[in-house]
Structures are given as C-alpha cells and as structure tokens.
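Single chain ahead, written as structure tokens, the form predicted on its own.
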C-alpha cells in the first residue's frame, strides 16, 4: 500500500499553509476593530516591514497592500504608469495574456511590441528595448516556465519594468534593481489568503507617477497619487479599501514562520528541493515530462507536467480522471492545470510544501496514470 502525503494540498493558489500553521496561533485582537485603529494599523505596518526585511526590498522603495490580490496590484501599476513610452509585453501563459488584453484592448496604447511564446517556452527576452516600458510575469504558473534571471535588464534603462511576481516572491531571489513596479499576493508562496495583493515601487516608478498623468480615468481602487504626488499614507499602512485583519494576521504568521526558519534563502532551498524531487522522478520515466522545455527556465514553484503519449483531444480527460481519483483518495487536491492552458498536471512546489509529501505523491500519480491508461509501457 502506498503511503499518502501527510498534507494533500498541492493547489497552486490559494496554496497550503506553512507546516506549523494552526488557527489557534493567530493573534485575533484586531478582529472586530477598524483597520484604521492604532492597533490594527500597527499590525498592517508590521506585515509591510517584515515583507521588506525578508525580501530585502531597498529602503527607498515603497511598499503597499492593494485590493484584488496580485491582479489588483499589477493593474494598479499598469493603469498609473503606462502610456508615456512604448511598451514591450512578454507573455507565455494565461496570466501574461490577461495583461496583454488589458494593455491592448482597455488601455489601447498606441505603440505596443508584443513578444509571446507557446506553452512550455519563454519568449526571446533579447527583444527587450531599454527605452521602452516592459510588462511581464516572472513566473508563469500555468506553464511552469520562469524567467531565469534579470541579466537582460540594464540598470541604466529609461523605461520602467512592471512585473507580476506572484509565484516568484518568497521562492526566488528577485533583483530589485531590475524591477520598478512589482506585484504579488499572499496566496502563493506564503500560503496566505486570497483577495489582497502587494505593490513595490522603485524610486524611478515614483518619479514617473509624480511627473506623468495618463489620459484615461483611474478607478478609485487604483489611485495612489493626489495633486500630482504619491499618497504616502497608502504606503504607511492606510490601505485604499478595508483590509481583512484576519488575512493580515494569517500572513503575519507566515512571515514570522519564514523568519524563524531561515529566511528567504531557506525558502528558496525548500522550493528547489521540492522541484528536484519531481525532476528526479520525471527523469526516470518516459511517459511524463515538464511542460517547460528548457531546463534553465523551469519553475520550482508551479511544477507543470505533460503526459507525452496521450492524444491532445483526450489528454485533459485523463488528467481530470487522475485529479478526481487522487482527490477522492485524499492524496492530492487540485493538481489539474489551468483550464485555459494546454492540459497538464500542476503540482505546487513552493516553500510551504514539505518535500516528503511531494515524494509520497509521485507514486500515486503513476498508479493513477496506469489505472486510467493501462496500455502504456512505462
């Protein structure tokens, strides 16, 4: 009998809590109080400061909580900052394509340079023009393909780099000198709750914000400047809209756990170890491979796997059979890939996942595969 994972939660968002999480450990003193109260504000400010400390965000960068998860944060950046310069958009998955749609169909920018790749591949980043603004998703959760580094971004660029880093922050060492407006959420590598995002602005982004005003109206939830100046209180804990203090406490609990367990470097190592367990398993089998074709650009958090010998028209059905079987057996929840991506299995390998659970899951995937596709020679 195969051993089951101790924790069957492998969803790519919201993801599993850290291994020592318990709701009884959360500080609930702020619940039922105004998020503007002195105590509640201090908890929000502590969350922001711990985020700075763990991610090594420079002191002159601004950090704020946004409504609407990473989506709200990246939209806030695009609606406030784009339009002054031509824009290069790099897209290779579902979420990157969402930002393409907003820039092309909603903002209707006049000078767009679109660089896209099919699932499993990264666009050629050499097409980036440092005189242009740039929008990209650092880690594409729907294909498991990740930007390997920021070497292609010069520090003396004239344009801004706007980055969706929601499945990268806390599992990849981001080079902040290469990023000007960075968005992420708590529901990925932190195992936090959905609905809130974070935005990090470089001094260059702040200068753009205060010197340039787009011709389109800015929705209330995206407004971070007034009378031509950044609204500093927004970046001092006075959130634009009402914040869930329960979500604040849950995320603070995750940040404390990270600091008590080795900080960012340890979280990166945990995620890499999870990926390496899958990598070894895949290398020993002929019927499965990573969706990401280049070993240098495979994500260590959103681990996407293709079933190689299955016709495309029946691949999704088989993946759903495997998904449902493993869920019914309480082995793994939510491991089918995104419905708008090419059919794949998707295992979350972020830092809150224990490697032992990954190792226990993999034989179950093989058993399920043989059960529903028995004619394949392994």
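Since the model is a prediction, treat every value here as computed from it, not as a measurement. Numbering follows the first chain given and starts at 1.
Separately, the form predicted in complex with a small molecule exists; it is not shown, and the next lines address it.
Per the 4.5 Å heavy atom criterion, the small molecule in the predicted complex is contacted by stretch 164 to 172, the sole one of 252 to 260, 164 to 172, 284 to 292, 208 to 216. Of the residues 301, 143, 182, 137, just one reaches the small molecule in the predicted complex with a heavy atom at 4.5 Å or closer; this is 137.
Checked against the small molecule in the predicted complex, the candidates 79, 235, 99, 128 yield a single residue with a heavy atom inside 4.5 Å, and that residue is 99. With a 4.5 Å cutoff on heavy atoms, residue 272 does not count as touching the small molecule in the predicted complex; it lies far away. With a 4.5 Å cutoff on heavy atoms, residue 95 counts as touching the small molecule in the predicted complex. Though the partner is left out of this view, residue 243 does not reach within 4.5 Å of the small molecule in the predicted complex, counting heavy atoms only.
Contact between residue 331 and the small molecule in the predicted complex is not found at the 4.5 Å heavy atom cutoff.
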